[in-house]
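Presented as structure tokens, the chain that follows is alone, the form predicted alone.
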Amino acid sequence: MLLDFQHIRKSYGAKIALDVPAWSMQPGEVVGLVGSNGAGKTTFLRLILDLLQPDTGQVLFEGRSVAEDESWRLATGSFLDRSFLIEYLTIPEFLEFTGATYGLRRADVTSAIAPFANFLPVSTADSRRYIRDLSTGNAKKVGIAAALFVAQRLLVLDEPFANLDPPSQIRLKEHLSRLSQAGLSMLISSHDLGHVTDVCTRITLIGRGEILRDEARSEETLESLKSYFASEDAGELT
């Protein structure tokens, strides 16, 4: 077992953000996490990365609590939002810093990032700018690329396709597909149903903090999800 949720419950005041008695993920799986705004997706990811503590239960990585054993950190690449970046660094500085935290030397970073170079902002001006001066899309590319090149056993991404131009979305899908074929486990939260069903082999649907569906992707998955969200928008589901 790669990831295992055991009796997880997380509340903010009186609001229950997540209530997951059990959920697990096997090595090599590529799981898409989908749901409407406020469904609990980001809370789900933050609990995995030990950025939040559950009120009850525990999250296990390879059988060990993520809150008590930090060995998972060097096996995991992640990017949830811009807070994962260091805004006063340039792109090369940030990538070098990220690699160093994973024990990579500068030459190792250069080699590890090379397969993802076509996903990074490529202009000379961008390479010299501080990250804080990059556009939202370009800053996101940097964060995702950093997660891609350090991920050893698990990759966690939140809304990776949002704010990316079409060519970058295509390149990202190509990189994710290649890493999946190499055996990397992935958990990807996305509102883009088309992209997530293209990339992922399993879909976990969250609504109001609970897992509503959890099943292998099939030819019918995309249309089934579209029908679900159309019904939800129309107020047909409670």
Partner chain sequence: MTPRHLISGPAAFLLLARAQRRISLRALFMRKSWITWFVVGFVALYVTTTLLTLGFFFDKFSRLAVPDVPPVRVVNQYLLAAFLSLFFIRFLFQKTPRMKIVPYLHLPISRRSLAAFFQVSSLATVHNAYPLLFFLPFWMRFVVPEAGGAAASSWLFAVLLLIVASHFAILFLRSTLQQRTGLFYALTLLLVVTAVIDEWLGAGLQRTLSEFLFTDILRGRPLGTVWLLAFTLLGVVLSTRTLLKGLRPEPPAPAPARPWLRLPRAAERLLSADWGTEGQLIRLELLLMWRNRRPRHYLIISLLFSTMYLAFMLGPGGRITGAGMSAMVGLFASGGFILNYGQLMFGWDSSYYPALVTRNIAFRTLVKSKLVVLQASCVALFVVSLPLFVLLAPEQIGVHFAFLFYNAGVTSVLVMELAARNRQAVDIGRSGGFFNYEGLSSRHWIWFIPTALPPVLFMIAMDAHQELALAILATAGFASILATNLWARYFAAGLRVRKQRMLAGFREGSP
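Residue numbers count along the first chain shown, from 1. Keep in mind that this is a model prediction, so the values were computed, not measured.
One more form of this protein, predicted in complex with the partner chain, exists but is not displayed; see below.
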The unique member of Leu52, Leu193, Leu179, Ile211 whose heavy atoms fall within 4.5 Å of the partner chain in the predicted complex: Leu52
Is the partner chain in the predicted complex near all of His7, Gln26 and Thr43, within 4.5 Å of a heavy atom of each? no
Can you tell me if Ala151 lies within 4.5 angstroms of the partner chain in the predicted complex, counting non-hydrogen atoms only? no
Any non-hydrogen atom of Glu159 within 4.5 angstroms of the partner chain in the predicted complex: no
Heavy atom of Glu174 within 4.5 Å of the partner chain in the predicted complex: no
Test of understanding: in the predicted complex, would Glu70 fall inside 4.5 Å of the partner chain by heavy atoms? yes
Picking from 199-207, 29-37, 181-189, 44-52, which part of the chain touches the partner chain in the predicted complex when contact means heavy atoms within 4.5 Å? 44-52
